[in-house]
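This document starts with one chain, in the form predicted on its own, laid out as structure tokens.
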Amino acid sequence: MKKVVDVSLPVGPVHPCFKEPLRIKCETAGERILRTEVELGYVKKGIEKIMVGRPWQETMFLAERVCGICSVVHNTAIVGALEEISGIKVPRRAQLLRIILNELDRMQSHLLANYSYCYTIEHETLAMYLLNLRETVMDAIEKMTGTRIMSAYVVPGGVREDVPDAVISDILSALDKVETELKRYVKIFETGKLIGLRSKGIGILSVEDAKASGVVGPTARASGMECDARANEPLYVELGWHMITRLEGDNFARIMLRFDELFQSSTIVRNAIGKLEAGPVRLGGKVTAGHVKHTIEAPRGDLTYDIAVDENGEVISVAIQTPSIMNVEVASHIMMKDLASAADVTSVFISADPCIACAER
């Protein structure tokens, strides 16, 4: 049977609601969106190919440049893979410092995601509040690592340098500010009538569809699916991590879950700081030949580095699986299917917090 639509509506590749360029091709019947397809390819960098044949020291820096929003977790993932291949041990203080940095990075990423969503549904006041609060977290990251984005802080055997007590105090002060202001912003989001009309019951992803589709991270957990790579890390559990899920599976649930995880990340950072003891932050170690598939929990879900290196530490092959690959697919084919209004296309897509730079790397 021939497919008949009223009009094919293109959204993007340049759109004020998108952090990065992509095109969403929508097939419509009147105002209703029947189905969508996401067209990528605007920011392809070829980083995996560039890594091949290079020493691990160079690939560590290249990994950070997969994405500017989640550069810290790419740094942590590739170094973790090299450590697993080579049997390199990491001292406890360095492990805690890594968790502090990665949870601060998760906080800035979640704040940016929720800012983007609020901006998309035209609640610009709350959007600007969240974006401004993200700067507080970014300032803490800069004080800890010396830079806001490409820090190269995680290195084989530990971290690049220790963190002085004065910086630890600054991080705690930043958390105080974030927690205080965030409570007010969450209340605005949770009780706002406009927000409810644009968010509740829209872009629904059932737990059955979530399990069948391979979706990961907050997008999966907001549909009641329990999946988080941090569950496999005993130190995270020791620091108070627990699985956070919601059952509604709509735009509202995805944003609220990130708000919930912001408070949890703040608690984890506080607990990690409380357990910091004097000791080395870097033991060193030689990268040896081997192959491993290493997964950690990025702000958007499972991030996997499948990497092989030779006896000289040069990369033989590398494949990076980022969470946005699965989440973009699910947003396109399930969450955005049969939407009541074209205005919901961007909000549903942004609620999945897609990272196009990661997906196209």
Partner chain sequence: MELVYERDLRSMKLLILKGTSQDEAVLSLAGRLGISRQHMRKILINGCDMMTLENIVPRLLAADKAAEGISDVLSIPHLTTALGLLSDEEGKAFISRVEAGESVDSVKKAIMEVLA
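Owing to the predicted nature of the structure, the values given are computational and were not obtained by experimental measurement. Numbering follows the first chain given and starts at 1.
Heads up, the form predicted in complex with the partner chain isn't pictured, but that's what we're talking about next.
The stretch among 247-255, 125-133, 204-212, 141-149 whose residues place heavy atoms within 4.5 Å of the partner chain in the model of the complex is 204-212. The contact with the partner chain in the model of the complex, taken as any heavy atom within 4.5 Å, belongs to 318 out of 318, 33, 69, 47.
At the 4.5 Å threshold, heavy atoms of residue 23 reach the partner chain in the model of the complex. Shown alone here, residue 310 lies farther than 4.5 Å from the partner chain in the model of the complex, counting heavy atoms only.
In the model of the complex, the partner chain lies within 4.5 Å of some heavy atom of residue 324. At a distance threshold of 4.5 angstroms between non-hydrogen atoms, residue 58 is out of contact with the partner chain in the model of the complex.
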